[in-house]
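Here you get one chain, nothing else, as structure tokens; it is the form predicted alone.
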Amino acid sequence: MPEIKVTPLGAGQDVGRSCILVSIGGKNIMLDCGMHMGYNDDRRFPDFSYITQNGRLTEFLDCVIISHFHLDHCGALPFMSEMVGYDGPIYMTHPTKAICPILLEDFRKITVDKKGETNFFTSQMIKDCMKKVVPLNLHQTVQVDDELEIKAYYAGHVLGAAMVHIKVGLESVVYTGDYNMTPDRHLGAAWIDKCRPDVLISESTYATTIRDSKRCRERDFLKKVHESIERGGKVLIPVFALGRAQELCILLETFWERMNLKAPIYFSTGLTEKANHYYKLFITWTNQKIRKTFVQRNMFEFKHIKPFDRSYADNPGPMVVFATPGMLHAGQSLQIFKKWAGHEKNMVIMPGYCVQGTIGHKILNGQRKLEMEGRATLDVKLQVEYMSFSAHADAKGIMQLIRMAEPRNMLLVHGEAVKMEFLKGKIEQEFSVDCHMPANGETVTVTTNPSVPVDISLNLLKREMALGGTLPDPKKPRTMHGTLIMKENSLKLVSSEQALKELGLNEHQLRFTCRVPLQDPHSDPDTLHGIYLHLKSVLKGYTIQHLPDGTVMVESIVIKVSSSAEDPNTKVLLLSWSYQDEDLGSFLSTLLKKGLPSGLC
């Protein structure tokens, strides 16, 4: 039986370092190639030695697909392609291709230029890696080679995020990457065809969460920011450069305008300008409202939100600062946090998920003393708030996607083991499909049972109806007799007459014969008459004839009797039937082997 193998090298019962290997129909595909925000050593990148101990990855991989530009999905790409070695195609959408190198360069600067780490990719490696990228359009089927094809679907989440449908022959896998089933202020909701894949690999970041209404969360967020500003506090909102940042900027911009507030709002790093540039460039990837408004004004040009300068962090008075990155594990957001952490009236609002090991994760879990670099401790006195504006599907959204795609098997990645376990139970209970949740390095093998689509000729269907059959129900299996013709990679079931005509062949009669020994003292004609009576009593509703030529006929089955030359009491029954009556012929030979009931002849 054909099978699909899935092995996470990262994101197996964990969030971060997404990298999943899929073997399907003799092809090997790497889905995402991310880094882990919680580690600063070798564990930061996936363990590529799992694929090969020595040598390049090119011989082992047919293609690499990147779902979106977040670093936990693309951060290890230059390391994998340029340092380990991979020269094959890397697929991603146009927005991902544009934004990915900017974030990778930003990540390299922080790691190499600021922290002084060695054994890391260079700026040139990022450029060389991006030369291998093949851009994807939504809903466009791309032939990677003669057998492997991929198709991208809109995933919401961030600009350019895509789910991908991978197909080899009749086997298929859908990989969601990160997705969001609810539309927000700047992006639409994820969507996919009812493609019924053999395996659906889904993220499960919020496997046990069902989020409250978005409006309530937004109101709560604005209230907290407003209260903090009113009491003269500073509000830090750690975000990733694209995605939640734009979402919350639009929210605060409209609130500031409505309330006529004067406290400054800043956005750190030069990425904002670049971000806005890409939102203009890829406006078709945003939602309907933004596209409509875009004609009159650019929603991403903010009146109240100004670029941040490092010196502003020490300015007196209230302010709101959006700073990157979103998990407080490095960069500007961490620098500002260190400065503001010691004052009770300040506040940090964490709007998204934080990976274990990051400062964000520690403060959300109530840690009030943090060990920083160089053994210094930091007392956390500011208010810590968590408000999920994370653009991941919650439990309800994951179930919604399963209903949409109707997979035969489920596999969960990008989540925490305990939460995954809970969701796995729910999925198996509601959809009656097997659900897997492999750890990193663990392989799940799914046996596939590909269904072969066959066209049926109208004449054959009409004949089936004429014989008293009902029209086939697509949900119930039904046996139909005909001749299967394969033409130009398509299969068609037709009547045997039509097949002979189409193929220019003469009809041959194929008959089966069988000899059955029978102990009976009577003459041959009497034995034959006994068989006729016996079959009349057993087979109701069949046409049974005793013919003058000394044979009995049941449908197309002919039965003759002859005596054995050695022993007149041993008769030999000769049964002959056409292949259409194969089942009835087998039944009769078994029945007659048991002999005739006494007193029939």
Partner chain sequence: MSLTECRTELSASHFPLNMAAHLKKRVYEEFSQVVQIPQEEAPAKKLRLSKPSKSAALHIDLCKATNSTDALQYLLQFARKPVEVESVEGVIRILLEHYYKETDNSVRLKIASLLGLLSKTQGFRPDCIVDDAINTLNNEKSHQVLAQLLDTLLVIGTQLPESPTVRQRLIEMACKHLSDSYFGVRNKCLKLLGCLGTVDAPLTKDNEGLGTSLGGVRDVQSIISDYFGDQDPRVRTAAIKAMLQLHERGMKIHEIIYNQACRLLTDDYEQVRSAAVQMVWVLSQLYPESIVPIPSSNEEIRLVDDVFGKISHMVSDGSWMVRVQAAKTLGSILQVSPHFLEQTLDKKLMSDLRRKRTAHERAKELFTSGEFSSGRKWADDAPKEKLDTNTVYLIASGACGAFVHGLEDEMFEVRIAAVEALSQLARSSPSFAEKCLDFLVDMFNDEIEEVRLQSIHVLREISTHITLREDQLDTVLAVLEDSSRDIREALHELICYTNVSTKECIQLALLELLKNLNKYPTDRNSVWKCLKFLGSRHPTLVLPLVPELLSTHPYFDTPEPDMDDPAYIAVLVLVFNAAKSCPTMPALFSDHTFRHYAYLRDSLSHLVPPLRLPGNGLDLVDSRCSSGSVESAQLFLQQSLNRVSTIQNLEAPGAQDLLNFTIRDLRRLGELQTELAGAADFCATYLRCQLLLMKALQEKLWNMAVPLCLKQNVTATAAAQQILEETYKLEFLYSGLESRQVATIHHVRLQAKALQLVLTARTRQGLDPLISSCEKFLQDIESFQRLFLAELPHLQDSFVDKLLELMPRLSSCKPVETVKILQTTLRQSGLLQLRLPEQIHRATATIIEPTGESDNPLKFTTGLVVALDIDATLEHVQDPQNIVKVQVLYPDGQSHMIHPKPGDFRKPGPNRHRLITQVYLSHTAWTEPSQIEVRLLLAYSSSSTSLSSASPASKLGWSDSIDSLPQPEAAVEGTIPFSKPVKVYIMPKPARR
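Numbering follows the first chain given and starts at 1. Predicted model, so just to flag it, every value in this text is computed and none were measured. So that the term is clear: the rigid core is the largest set of C-alpha atoms that superpose within 1.5 Å between two forms.
The same protein also exists as the form predicted together with the partner chain; that form is not shown, yet it is the one meant from here on.
Asker: Does the partner chain come within 4.5 Å of a heavy atom in each of 183, 259 and 430 in the predicted complex?
Answerer: Yes: 183, 259 and 430 each sit within 4.5 Å of the partner chain in the predicted complex.
Asker: Which among 116 to 124, 411 to 419, 316 to 324, 484 to 492 is in contact with the partner chain in the predicted complex, heavy atoms within 4.5 angstroms?
Answerer: Correct option: 411 to 419.
Asker: Although the partner isn't part of this model, could you tell me whether residue 394 comes within 4.5 Å of the partner chain in the predicted complex, counting any heavy atom of the residue?
Answerer: Yes.
Asker: Looking at the partner-bound form in the predicted complex, is residue 400 within 4.5 Å of the partner chain by any heavy atom?
Answerer: Yes, contact at 4.5 Å.
Asker: Quick one: is residue 153 in contact with the partner chain in the predicted complex, heavy atoms, 4.5 Å cut-off?
Answerer: Looking in the predicted complex, residue contacts with the partner chain do not include residue 153, since no heavy atom lies within 4.5 Å.
Asker: Is residue 188 close to the partner chain in the predicted complex, meaning a heavy atom pair under 4.5 Å apart or at it?
Answerer: So residue 188 counts as contacting the partner chain.
Asker: Quick one: from 109, 515, 306, 214, grab the residue that has a heavy atom within 4.5 Å of the partner chain in the predicted complex.
Answerer: Comparing distances to the partner chain in the predicted complex, the residue within 4.5 Å is 214.
Asker: Taking 4.5 Å between heavy atoms as the contact cutoff, choose which of 133, 138, 341, 364 touches the partner chain in the predicted complex.
Answerer: Only one option qualifies, and that one is 364.
Asker: For the stretch 372 to 386, return the residues whose heavy atoms include at least one within 4.5 Å of the partner chain in the predicted complex, in the order they occur.
Answerer: Heavy-atom contacts within 4.5 Å come from 386 alone.
Asker: Is residue 147 one of the residues whose C-alpha moves 2 Å or more between this form and the one not shown after the core fit?
Answerer: After core superposition, the C-alpha of residue 147 moves less than 2 Å between this form and the one not shown.
Asker: Would you say whether residue 259 is displaced between this form and the one not shown, judging by a C-alpha shift of 2 Å or more on the superposed rigid core?
Answerer: Yes.
Asker: Once you line up the core, how about residue 227: does its CA shift reach 2 Å between this form and the one not shown?
Answerer: Comparing the forms between this form and the one not shown, which are aligned on their rigid core, residue 227 does shift its C-alpha by 2 Å or more.
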